[in-house]
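Here's a solo chain for you in structure tokens, the form predicted on its own.
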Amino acid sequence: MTSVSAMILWWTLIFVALTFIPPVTSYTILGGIDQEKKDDAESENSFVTEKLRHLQKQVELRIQSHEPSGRVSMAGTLWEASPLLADYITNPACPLEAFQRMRIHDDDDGNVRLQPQPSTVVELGSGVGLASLAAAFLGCRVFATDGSPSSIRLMNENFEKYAPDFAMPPRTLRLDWGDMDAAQSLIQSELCCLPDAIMASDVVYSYSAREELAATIRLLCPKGHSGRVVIAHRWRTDPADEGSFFESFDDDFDREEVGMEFLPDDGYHRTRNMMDMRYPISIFEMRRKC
């Protein structure tokens, strides 16, 4: 056998091996998934605790590390930008009217009152639902959407835990980005109006889904609508590529990055990357141009 033929055979064997080897997880054993260990792990409660500092409230969220298939669960993870989005919308200084209409206030006598006309908020890619929880605590009429059944299940568990704290419990709905019929049905049958705010966090990492995500945002916030879009984004491997998603809105939306005065005063959120001078996580607000 010639050296070229041997090389071709060698790379062919490597390709076949990589194709058929099962994904490596903590449950993987020789020959596949150790179902007993996976079932045991899934039966354990897995929680993460987050503090909503502006509301002086601590929430415990159910998460999951793996899907039933044994793969790592993207839908069951609390992504890094979600706590920052929740922190921003609950900040009393947040300028977005959608998160001010139903704030809970204490008067001089300690009595709680609710402002009328609750705003309608839609979250895209809600994950385990932290930002939707925060908006619901403010009194907003919240529709938490995601395309993953795991996310819907986890959100339902998390929302149910805090049901007594809501003026209006948040709704969970399945919505796949780019499904224009489903998005239109959401507006007409569930919201019965266009949302006052569309929010999202950590939704730009998947290049293949960006076009569908942008189309969904534009449908929920069409030309002439006064609603706002707010997106928290964790910068990752290629900021120029990720930034192109936000730049794609600049022809028909005014876009502004939230200032550092709204970021938590810690050594992480306010430390710029020496390569591109970005903060680790940015929040963008967008509104339709007149």
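Heads up: residue numbers just count along the shown sequence, starting at 1. Keep in mind that what you see is a predicted model, and the values were worked out from it rather than measured.
One more form of this protein exists, namely the form predicted together with a small molecule; it is left out here, but the text below deals with it.
Using a 4.5 Å cutoff between non-hydrogen atoms, residue 74 counts as a contact of the small molecule in the predicted bound form. In the predicted bound form, the small molecule sits within 4.5 Å of a heavy atom of residue 177. Contact annotation: residue 148 falls within 4.5 Å of the small molecule in the predicted bound form, judged by heavy atom distances. The small molecule is not drawn, but in the predicted bound form it has a heavy atom within 4.5 Å of residue 202.
The contact with the small molecule in the predicted bound form, taken as any heavy atom within 4.5 Å, belongs to 78 out of 182, 78, 191, 214. The stretch from 156-164, 88-96, 182-190, 121-129 that comes within 4.5 Å of the small molecule in the predicted bound form, counting heavy atoms only, is 121-129.
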